[in-house]
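Only one chain comes next, encoded as structure tokens, the form predicted alone.
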Amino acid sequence: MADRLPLRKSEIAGQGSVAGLPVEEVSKAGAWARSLAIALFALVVLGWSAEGVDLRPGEFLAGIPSILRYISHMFPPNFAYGRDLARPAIETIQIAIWGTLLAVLTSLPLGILAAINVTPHAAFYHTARLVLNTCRGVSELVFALIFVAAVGLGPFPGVLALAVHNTGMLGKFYAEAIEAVDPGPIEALQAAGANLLQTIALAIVPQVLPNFVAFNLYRFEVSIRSATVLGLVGAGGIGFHLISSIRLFQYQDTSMILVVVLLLVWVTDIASSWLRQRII
């Protein structure tokens, strides 16, 4: 044994090799090949999508002067028209408040049933997921059209449309937050004989409450913006005045409405941040 010569570096490297190449180099080559394949696939998908949507960046660049000319007609905004927008702006906020509140009440039980770690049975899990996907997969504008046909024009169908769509969104957020909680407290309570409601109240709610508050405030902000559009189909809010001014080519009125919408979103964002800092 003592007469054996020391192994050469090439022999040592060959002990962990594939087809004469070190394992590390083979692994790196495989990673590069996968990255290249993914990049090529992404380029093919992007090219296919660009052809499908008739993407024409050249025409967009050529149309920029027309866009600027259209925007120039909006200035200065008709500030005198702002007095007539007070009531529609308040109505938009009211639609967002009730659309979010009703969604919180309906999405909470659905979110619990859609969380795989607390749902009592697989049937409840799949049913809740199906309901949430349906509510989330259909635009609030479509729901607004349905409810306008059911209950007539006005803000009430807007509230219902936002409530249904927000239910799908909040329910998904709730379920994912519940599934991400620390399982230790849940297992401890279940081992002690706690039922489902006790487990939710004592082990899950304390962990997910900050996330739930953040989700609710976020959806309220989104509801403000969505409520401004629901008026386009007669579901109340400031959107009715927006589409009317556009159709009548009252550009300065349109710009004033957009200013009010931006102020609503800005004030809502400030209020939500203030509440979030004090609750979470």
Partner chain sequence: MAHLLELRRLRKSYGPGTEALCGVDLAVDRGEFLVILGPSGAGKSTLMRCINRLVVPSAGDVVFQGQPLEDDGHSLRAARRHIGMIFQSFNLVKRLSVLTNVLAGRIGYKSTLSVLCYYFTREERGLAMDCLARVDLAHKAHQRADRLSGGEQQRVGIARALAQEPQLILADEPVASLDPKIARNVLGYLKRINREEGITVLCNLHQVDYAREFGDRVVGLSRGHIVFDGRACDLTSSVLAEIYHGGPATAEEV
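Note that the structure is predicted; figures quoted are calculated from it, not measured. Positions refer to the first chain, counted from 1.
Another form exists, predicted together with its partner chain; not displayed. Remarks below refer to it.
### Message
Against its partner chain in the model of the complex, would residue 115 count as a contact residue? Criterion: heavy atoms within 4.5 Å.
### Response
Answer no; every heavy atom of residue 115 is more than 4.5 Å from its partner chain in the model of the complex.
### Message
Residue-level contact is defined here as any heavy atom of the residue lying within 4.5 Å of its partner chain in the model of the complex; does residue 203 satisfy this criterion?
### Response
Yes - in the model of the complex, heavy atoms of residue 203 and its partner chain come within 4.5 Å of each other.
### Query
Can you check whether residue 77 is within 4.5 Å of its partner chain in the model of the complex, heavy atom basis?
No, residue 77 sits far enough from its partner chain in the model of the complex that none of its heavy atoms falls within 4.5 Å.
### Query
Does residue 84 make contact with its partner chain in the model of the complex, using a 4.5 Å heavy atom cut-off?
Contact with its partner chain, no.
### Message
Quick check for you: of 182-190, 166-174, 133-141, 88-96, which stretch puts a non-hydrogen atom within 4.5 Å of its partner chain in the model of the complex?
### Response
Going through the listed ranges, the match is 182-190.
### Query
Pick from 123, 197, 150, 71: which has a non-hydrogen atom within 4.5 Å of its partner chain in the model of the complex?
Going through each option in turn, the one that passes is 197.
### Task
Output the sequence-ordered list of residues from 141-169 with at least one heavy atom within 4.5 Å of its partner chain in the model of the complex.
Sequence-ordered list is empty.
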